[in-house]
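There is one chain below, alone, in structure tokens, taken in the form predicted on its own.
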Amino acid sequence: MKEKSFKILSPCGILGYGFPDESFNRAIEMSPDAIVVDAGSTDAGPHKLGAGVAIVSKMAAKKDLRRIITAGYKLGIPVIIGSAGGSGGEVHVKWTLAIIDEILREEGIKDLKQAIVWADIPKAAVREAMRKGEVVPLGTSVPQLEEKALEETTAIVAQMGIEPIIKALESHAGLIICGRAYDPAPFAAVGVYNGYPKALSYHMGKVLECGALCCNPGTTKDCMMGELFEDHFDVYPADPRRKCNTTSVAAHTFYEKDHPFILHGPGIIQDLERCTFVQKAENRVSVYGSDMRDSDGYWIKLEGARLQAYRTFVIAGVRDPILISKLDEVEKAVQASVEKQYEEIDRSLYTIMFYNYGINAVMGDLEPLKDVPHEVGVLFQVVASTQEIASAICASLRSTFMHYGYEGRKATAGNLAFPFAPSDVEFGKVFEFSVYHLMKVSDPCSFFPLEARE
């Protein structure tokens, strides 16, 4: 008798990143029981949340959604999207819903039951939790949340756990669109809903949420299959050319964690210390021993952003070996010159930054390689309280740098080569995380309302 199992297809690491048709078709032929895809991340910082824009283009999202939705509809299996639109706020979810409506009209699908799980958190609720002492910083570098920061925050979302998504599954919706979700939660929810252990479901979700990144070569732009059993789970790529082995899967278990085997989530603590990874077949790994316990109280992660400043930047190239050898010195002199030129502008209203790609731009003082390259890409930016100040200071910085005279200079035609014109790019608003905290809740579903949608 064949052992009972449940298959989940993860088509890619983030919705809109894309995946090969060949892999997806092969995965569909494997008869998955659900298709789950994560659509969000804070990896790119607070801008998407603060500005209310998506993490990928509409074209990219629509291409992936069309294939996922039509496949799930034909198979009669649930499709779950986590952190819709990237940041999972109301504006991001509505952006995703508009794309879905276009697809359903174009495909002639009229009977797909949908469910939305919203993840927007009212400031009043956060304020009340602050009053009770039930809002704490996430990490030692995050300050206590103050009223001023809360008031200036443009949008707040929270990472939902599995409970609100299970409620959506209980409504028998064929398409579930979630606001901000803890990345493994949509995968874990469908596993738990179908009767599989929570610890195994969460651990498999941790592996699947990045697509085929747990393979060699790893990528977020390919399909991964996960299969739950009563006492373990298996993972394997849809593309047989990608190699999935015990080391690659174990390594991905450690991915984005601050502890080797402890991983915190909404209301849970995963304990993976006693896990074992077994090569079940050439390209298939079985994972045993995943463990989990409830956390002390149910805490959800809050994410909020506020407007910090405005940015203008310039990208240029330098190929003069004399200038390259004195680059740090010249940049300091150029900055001092510009600051003196605009003495009437309070220095607290703007910040000048240089990034010398080719000389320590990535690692800074930690860079062990000290050889001087033959050319350097210089990115300099000004972040200021207004766009006008940012652009004015940056333009002066660019023109001063362009013709700055340094010891040993042989030519006066210009120090910088610009790849495009105009050289100065007004980036616009700059956001910062003003809320990056944990909030205690009494009910895992209370702040994640479910909405049915026909």
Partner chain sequence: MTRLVELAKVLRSKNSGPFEITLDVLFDDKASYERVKKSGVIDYPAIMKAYSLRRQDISCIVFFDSAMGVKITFNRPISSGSMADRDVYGAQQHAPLMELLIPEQEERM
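Residue numbers count along the first chain shown, from 1. Since we're looking at a predicted model, the values are computed, not measured. Rigid core: the largest C-alpha set superposing within 1.5 Å between the two forms.
Beyond what is shown, the protein has a form predicted in complex with the partner chain; the following relates to that form.
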So which of 334 to 342, 147 to 155, 108 to 116, 363 to 371 is the stretch with heavy atoms within 4.5 Å of the partner chain in the predicted complex? 363 to 371
How about residue 431: is it within 4.5 Å of the partner chain in the predicted complex, going by heavy atoms? yes
Although the partner isn't part of this model, could you tell me whether residue 256 comes within 4.5 Å of the partner chain in the predicted complex, counting any heavy atom of the residue? yes
Give a yes or no for residue 273: in the predicted complex, does one of its heavy atoms lie within 4.5 Å of a heavy atom belonging to the partner chain? yes
Just to confirm, residue 311 within 4.5 Å of the partner chain in the predicted complex by heavy atoms? yes
Quick check: do 44, 140 and 355 each get a heavy atom within 4.5 Å of the partner chain in the predicted complex? yes
What is the one choice in 216, 171, 295, 325 with a heavy atom within 4.5 Å of the partner chain in the predicted complex? 216
In this chain shown alone, the residue from 166, 376, 91, 250 with a heavy atom within 4.5 Å of the partner chain in the predicted complex is 250
Does residue 124 count as moved between this form and the one not shown, where moved means a C-alpha shift of 2 angstroms or more after fitting the rigid core? no
Does superposing the core leave residue 378 with a CA shift of 2 Å or more between this form and the one not shown? yes
